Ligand SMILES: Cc1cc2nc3c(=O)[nH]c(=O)nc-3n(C[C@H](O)[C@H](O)[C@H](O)COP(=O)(O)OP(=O)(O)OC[C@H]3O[C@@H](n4cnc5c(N)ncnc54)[C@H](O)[C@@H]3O)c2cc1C
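First, one chain by itself: the form predicted alone, in structure tokens.
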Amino acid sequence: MALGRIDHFEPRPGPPPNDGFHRAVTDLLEEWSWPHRSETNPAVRIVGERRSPRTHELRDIFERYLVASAFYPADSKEGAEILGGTDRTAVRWPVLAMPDGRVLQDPSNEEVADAYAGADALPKGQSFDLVVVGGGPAGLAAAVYGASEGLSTLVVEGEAVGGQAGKSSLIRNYLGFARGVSGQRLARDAFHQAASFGAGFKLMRDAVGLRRKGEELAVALSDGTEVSGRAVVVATGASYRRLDVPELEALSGVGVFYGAATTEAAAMTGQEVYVVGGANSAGQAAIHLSKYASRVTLLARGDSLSARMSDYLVTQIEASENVRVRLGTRVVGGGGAGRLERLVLRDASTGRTETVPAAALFVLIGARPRTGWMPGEIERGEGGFVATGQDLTREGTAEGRSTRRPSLLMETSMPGVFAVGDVRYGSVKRVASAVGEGSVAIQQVHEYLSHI
């Protein structure tokens, strides 16, 4: 399954009734039919110019929210029908035909989100018990537990719910899903679960500032508005550096993995795999994979490993019989029939490209926490990740604390502001741990609220 050779497996059903088996088949059919549904019964129709980056961005947004959309060129019959009698020379592309009949010209992401959700679905008011910034697994877990425990909860998300996990085609190590679950489906179900408990969502809005406002915390949004909460949970995650090779992005989770060397190592037994990166995380992944794979090739852009990798790891790599290193090499292409089968490598010194067989590619080229919008009083640890609890080197200001007390486990140096998931310094970069942190943070939010 990790290599994309099996999509799913289900035990042979026994005597009727076979409800579990029927449900599994129905779920598989639903996922299989999704691409076709966009073509036959789109909820949103997009008219625009071919090869428009903005059109591609909109289609990607709708796909991540599991909203069926279809694209029609501006000069097509379908496009003309949507435009009606509008003069094409005066149109601002792209044009979107929404489910309620409205037609939007070159709308912003905020306008698209509001038009699709409808005014009745937007959160009422601007003040809440809890504001969660970020709609990945950690943020959604915080929203589910916060809303279910009686806190009026708002989630602010700048892109699509699910975060990095939402882009994974198959998460194989999440508890309770023996055959794996797509990140898209996990995000969709968590989104609906949070909403069912009463959590509100401000979608397609980025947080751009955070300040204390009397007894509350105010979060400034990219649309010029501001929302307030008695407590704030920051779950903005980290931007994991991507290879930006489209044909490999399409194989994420089926041969191409971002930082999943431990999880997928056993599935690489007897396979030839590649690791991209020149720092310790890449070196550690290569050593671990060498216990299973027939051969591991470490690809580094630089001309030496010692510049960014610890000496002990360099020594281990040099001593490993089935680990080889290729310096000055970049991955520029690749592909396969439904799973990774080959990579295209380019030598930086000669410019020569080479196609090599590969069963898996592990990308470990760093991550940047999304913290640029946060005030300076929130302490950061190594790499810019948000420090919390015992990792804090300075006490939070007395403002916001009714009594002098130590910071809670996931509380930042700004009282009432908590950090969970990948954005937090020292966090484990796994979906399950992110969900756990999001749920645990709510207990600490209650404790904080009891003090104020």
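On a predicted model such as this, the values are computed, not experimentally measured, just so you know. When you see a residue number, it is the position in the sequence shown, counting from 1.
This next part talks about the form predicted together with the ligand, which is not shown.
Residue K167 is the only one of R212, K167, R230, H288 with a heavy atom lying within 4.5 Å of the ligand in the predicted bound form. Scanning N109, Q284, T297, Q184 against the ligand in the predicted bound form with a 4.5 Å heavy atom cut-off leaves one residue, Q284. Only one of 314-322, 142-150, 70-78, 198-206 places residue heavy atoms within 4.5 angstroms of the ligand in the predicted bound form, namely 198-206. For G278, no non-hydrogen atom is located within 4.5 Å of the ligand in the predicted bound form, even though that partner is not displayed. In the predicted bound form, the ligand sits beyond 4.5 Å of every heavy atom of T353. Under a 4.5 angstroms non-hydrogen atom cutoff, the ligand in the predicted bound form has V156 among its neighbouring residues. Contact check for T86: every heavy atom lies farther than 4.5 Å from the ligand in the predicted bound form. Contact annotation for 131-150: residues with any non-hydrogen atom within 4.5 angstroms of the ligand in the predicted bound form are V133, G134, G135, G136, P137, A138, G139, listed in sequence order. Between G436 and F362, the C-alpha separation grows by 3 Å or more in the predicted bound form, relative to the conformation displayed. One change in the predicted bound form concerns T236 and S281, whose Cα atoms lie at least 3 Å closer than in this form.
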